[in-house]
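Presented as structure tokens, the chain that follows is alone, the form predicted alone.
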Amino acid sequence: MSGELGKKLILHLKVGGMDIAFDLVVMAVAVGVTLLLVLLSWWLRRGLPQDPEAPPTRRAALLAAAMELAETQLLGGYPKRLARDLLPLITTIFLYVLFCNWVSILPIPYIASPTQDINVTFGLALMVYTMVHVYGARERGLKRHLKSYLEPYPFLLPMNLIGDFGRTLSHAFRLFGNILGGAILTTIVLELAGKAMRFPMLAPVAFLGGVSLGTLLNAWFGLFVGAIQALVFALLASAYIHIAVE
């Protein structure tokens, strides 16, 4: 979680009479996380043996164990074929959200989790919404998938559409609200820890092993909450697709 709130570097562009704003820090961190995932996948890929008969390397064993765990935890209710098909998508969503959540614990001024920005979480939720329809139409057929919005009665079509998109809004706002709320809470804790250092009786408690107690709480809270929220977001994405392909 970040200790810096309310300080943003915004780029404004005029396009066709519209003012489009870009948060440069959020964009830079989001691109950085993407590059980190690309490098991680390249590093793991290089560890895979070229000869299928060769003994597995440590990286290959690590990757196999991670994929098996992800398939069990995130795609346990799917048929084997569909689970293997969805595994890259769901694990990528999980890792991307996880690293975006964790990046704010880095001791870099003004840096913040991209998932504190509603545009990022809404973009991720829209991507999941799109994939729900892609897999629903592919697995059940386009006609049957569209017909499901007329069930149980055709006059419920508007309510089904509203509920479908409302679920996507909830998906986006849940991640955004929890990460932003955690950042606000951590900022308050860091402020209180800084004020505690001014009092002689509380100053020894403010440090543990030479490290600020507020910094330790920030790191622990960021790692724990970031992992939980990434898991919840990925599980919901998996659940929404599973509903569409049933």
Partner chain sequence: MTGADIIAAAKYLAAGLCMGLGAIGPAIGEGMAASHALDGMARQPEMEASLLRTMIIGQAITESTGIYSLVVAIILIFVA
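Residue numbers count along the first chain shown, from 1. Every value quoted in this text rests on a predicted model; they were computed, and no experiment measured them.
Omitted here: the form predicted in complex with the partner chain. The next part is about that form.
For the partner chain in the predicted bound form, the listed stretch (41-49, 180-188, 57-65, 24-32) containing residues with heavy atoms inside 4.5 Å is 180-188.
The partner chain is not shown here, and in the predicted bound form it never comes within 4.5 Å of any heavy atom of residue 223. Put simply, residue 149 is far from the partner chain in the predicted bound form: not one heavy atom of it is within 4.5 Å.
Interface residue remark: residue 110 is not counted as part of the site for the partner chain in the predicted bound form, having no heavy atom within 4.5 Å. Contact check for residue 176: a heavy atom falls within 4.5 Å of the partner chain in the predicted bound form. Only one of 92, 119, 130, 73 lies close to the partner chain in the predicted bound form, with a heavy atom inside 4.5 Å, and it is 73. Taking a 4.5 Å heavy atom cutoff to the partner chain in the predicted bound form, the contacting residues in 222-246 are 228, 229, 232, 235, 236.
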